[in-house]
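Heads up, the chain below is alone and in the form predicted alone; it's given as structure tokens.
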Amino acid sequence: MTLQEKTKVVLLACGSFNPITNMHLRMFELARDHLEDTGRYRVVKGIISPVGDSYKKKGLIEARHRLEMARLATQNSDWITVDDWESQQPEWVETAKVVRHHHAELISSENNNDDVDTVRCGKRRKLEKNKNICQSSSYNKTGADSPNLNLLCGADVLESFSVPNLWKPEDIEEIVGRYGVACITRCGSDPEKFINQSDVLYKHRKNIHVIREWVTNEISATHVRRALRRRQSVRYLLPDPVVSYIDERSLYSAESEQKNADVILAPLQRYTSTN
């Protein structure tokens, strides 16, 4: 299969990133390796989308800090970017809407690129008087050539689909059925079993890429915050610029961990009130 024949894929990771860790970054590399090793896909971009403050998760520090840490963590990456659209919304945004937004952005970007290619090709045709000069893949793109967007997540997110009032059933159907999921396994998790036990996930099982991490790395943002509260070193768990950013601002403390402690998580509050 030639490079042009391979399906382009964009990986989108949503979450708190509180703070972003080396494991968050490893997920992108693992998913890219897995997908490209199949010979059918070419991963062209990774997107990190931190959740907004209105998510109301316990210990969630301000989005401006989480965004900046994510940018520092990816500053040397040539394919992973950070997007602030989700975090800048006045209210919490469902993951399905975030995926929908980024998919629309990808389609728009592809269409704009096609327009540019068409103009360039037309100019060359006039200059060279060659009607066949425009027979390039970029000029002949159709909607089918637009990248696939996969939600990148850990197995815990996949299993959270079964938590009452945490996800809308139609959102799960849309994310898995329309877009697809790249799921990284974790120690003690069994995503294949969970997929088999869920009718919706089993129905769309071909859209779920289960990716095994053979070099186990159980870095947890919760454990990192605990170490920071205790003034313990977190070096080599986080990218060095992120460690420096946290240290300079004393971001994580016993006080910050109690933020939103008495507040109901946004999705639970929204979906419980509507049932």
Partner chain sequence: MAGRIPLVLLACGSFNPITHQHMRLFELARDHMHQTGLYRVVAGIVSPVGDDYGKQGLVASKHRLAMARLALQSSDWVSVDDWESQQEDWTETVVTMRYHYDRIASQYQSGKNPPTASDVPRLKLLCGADFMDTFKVPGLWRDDHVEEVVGRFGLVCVSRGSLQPDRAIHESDLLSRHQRSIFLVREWVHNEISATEVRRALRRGQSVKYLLPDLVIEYIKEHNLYTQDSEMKNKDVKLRPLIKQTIQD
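Just so it is clear, the structure is predicted and the values come from calculations on it, not from any experiment. Positions refer to the first chain, counted from 1.
Below: the form predicted together with its partner chain, not depicted.
Peer 1: With the partner left out of view, is Glu218 within 4.5 angstroms of its partner chain in the model of the complex by any non-hydrogen atom?
Peer 2: Close contact exists here: in the model of the complex, Glu218 approaches its partner chain to within 4.5 Å, heavy atoms only.
Peer 1: Quick check on Cys14: any heavy atom within 4.5 Å of its partner chain in the model of the complex?
Peer 2: No, Cys14 sits far enough from its partner chain in the model of the complex that none of its heavy atoms falls within 4.5 Å.
Peer 1: With heavy atoms only and a cut-off of 4.5 Å, decide whether Asp247 touches its partner chain in the model of the complex.
Peer 2: Because no heavy atom of Asp247 falls inside 4.5 Å of its partner chain in the model of the complex, the answer is no.
Peer 1: Wondering, does Leu60 line up within 4.5 Å of its partner chain in the model of the complex on heavy atoms?
Peer 2: No - in the model of the complex, heavy atoms of Leu60 and its partner chain never come within 4.5 Å of each other.
Peer 1: Tell me which of 38-46, 233-241, 203-211, 52-60 has residues with heavy atoms within 4.5 angstroms of its partner chain in the model of the complex?
Peer 2: Answer to the contact question: 233-241.
Peer 1: Given that its partner chain is left out here, which of Gln89, Ser189, Ser160, Ser77 has a heavy atom within 4.5 Å of it in the model of the complex?
Peer 2: The option sitting close enough to the partner is Ser77.
Peer 1: Mind checking whether each of Asn22, Leu25 and Glu29 has a heavy atom within 4.5 Å of its partner chain in the model of the complex?
Peer 2: Judged in the model of the complex, Asn22, Leu25 and Glu29 all sit within 4.5 Å of its partner chain.
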